[in-house]
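We begin with a single chain expressed as structure tokens, specifically the form predicted alone.
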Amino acid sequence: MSEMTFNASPKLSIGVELELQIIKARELDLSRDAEVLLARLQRMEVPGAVKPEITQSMIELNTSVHDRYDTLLAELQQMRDIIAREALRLNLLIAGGGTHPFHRWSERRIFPDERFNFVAQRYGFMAKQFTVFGQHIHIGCADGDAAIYLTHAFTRYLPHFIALAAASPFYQGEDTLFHSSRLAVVDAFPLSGHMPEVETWGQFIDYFDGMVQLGIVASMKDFYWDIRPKPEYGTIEIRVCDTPLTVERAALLAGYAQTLAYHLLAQRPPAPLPATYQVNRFNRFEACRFGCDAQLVDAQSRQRSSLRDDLAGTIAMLHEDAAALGTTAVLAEIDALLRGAPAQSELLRQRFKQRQSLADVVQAQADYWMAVPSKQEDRKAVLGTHSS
């Protein structure tokens, strides 16, 4: 099928998609003003692209393709500034975070789009419940076989991305006790989880064609996997991250993914065996529930270790790769976050504890993402030294 032609992209190029919350500035509930905001942004010179998402309370920010972390970061900051400015002119706020703490899914409206209407008809109420907000990271691959290898090889490291991005402790007005509750919503879809046990791009095409013939899928968009190949872009797409509270954290995650991909493609360690996927699924849950304090199981050694220690060990392993790639600062910042900063989810819980108001939590999410000047020192202390 023509859709399944793998259009090779520059090896190890990176790009980011961020699903963002549109907030009423006064009530701090989700707004239904995506069309109005998008119409305004269409008249602006915005780098990358800003698109609708499944409900009218969301937009999706798409960066350009980048070879380097620092240029990706600069573009994200420029996009943030433009979107924040235009939202304020409409009396709206924009927020990161994987969930809105107290909105009700039944009050959402599907964005008028053929694809979104199809999803709403297919999945019913689940489509409105899909008003959760994630970061997708694209890594360029030279060919389809490399994409299949990386899709499998990244599985073992997914808990790192979940924990570093986790920013959805509240859902539908409740503290979930999770660091990332967003993935529980994604898991409800029947085609979530992990790509099947294929080893080459040819095998994947056979699998895809079979699913089409069975009437289960019509396109690659119907797979809600944690990581999936994107043949039209020539990438793999990592989909487990909550939208972080800042664009700086989003860029950091992309830089880490790029460095890890560089290492995996250079060293070619064996991809995880299918028998380990259940263990990986458990580790994924642990990261959602406990963040960096999760206890991970190594399927080969049968040993347990904290996610914090596992991530620190991976960073140490990647130092030479980072030096070659120019991402040493990325690893240094992640290491500093591991040693000192509160998790994003805990930052939001602290805000609630101080104010006893979920509306104040939403205000904090918007302040962090929109880079409100009075919050700058707090942003630098908690969310990374590259905040601006």
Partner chain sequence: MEFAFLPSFPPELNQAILFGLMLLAGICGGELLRRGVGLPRVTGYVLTGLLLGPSALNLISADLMANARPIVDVAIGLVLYELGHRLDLSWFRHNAWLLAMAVAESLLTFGAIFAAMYYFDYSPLVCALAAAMGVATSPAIVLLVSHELRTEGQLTERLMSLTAINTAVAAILIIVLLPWLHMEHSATAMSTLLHPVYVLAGSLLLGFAIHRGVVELARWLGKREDRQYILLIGAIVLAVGLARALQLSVVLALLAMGVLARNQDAKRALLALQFGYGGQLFLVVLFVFAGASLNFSGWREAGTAIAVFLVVRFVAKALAISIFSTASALRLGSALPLAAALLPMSEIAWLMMHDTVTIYPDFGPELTSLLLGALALSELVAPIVTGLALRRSDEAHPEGELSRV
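Positions refer to the first chain, counted from 1. Not measured: the values here are computed from a predicted model.
Not pictured, yet referred to below: the form predicted in complex with the partner chain.
Although the partner is absent from this view, Leu90 contacts the partner chain in the predicted bound form, with a non-hydrogen atom inside 4.5 angstroms. The shortest heavy atom separation between Arg26 and the partner chain in the predicted bound form is within 4.5 Å. When contacts are judged by a 4.5 Å heavy atom cut-off, Val36 counts as touching the partner chain in the predicted bound form. The closest heavy atom approach of Arg109 to the partner chain in the predicted bound form falls within 4.5 Å.
Residue Ser357 is the only one of Gln350, Asn62, Thr328, Ser357 with a heavy atom lying within 4.5 Å of the partner chain in the predicted bound form.
The stretch from 338-346, 316-324, 64-72, 358-366 that comes within 4.5 Å of the partner chain in the predicted bound form, counting heavy atoms only, is 358-366.
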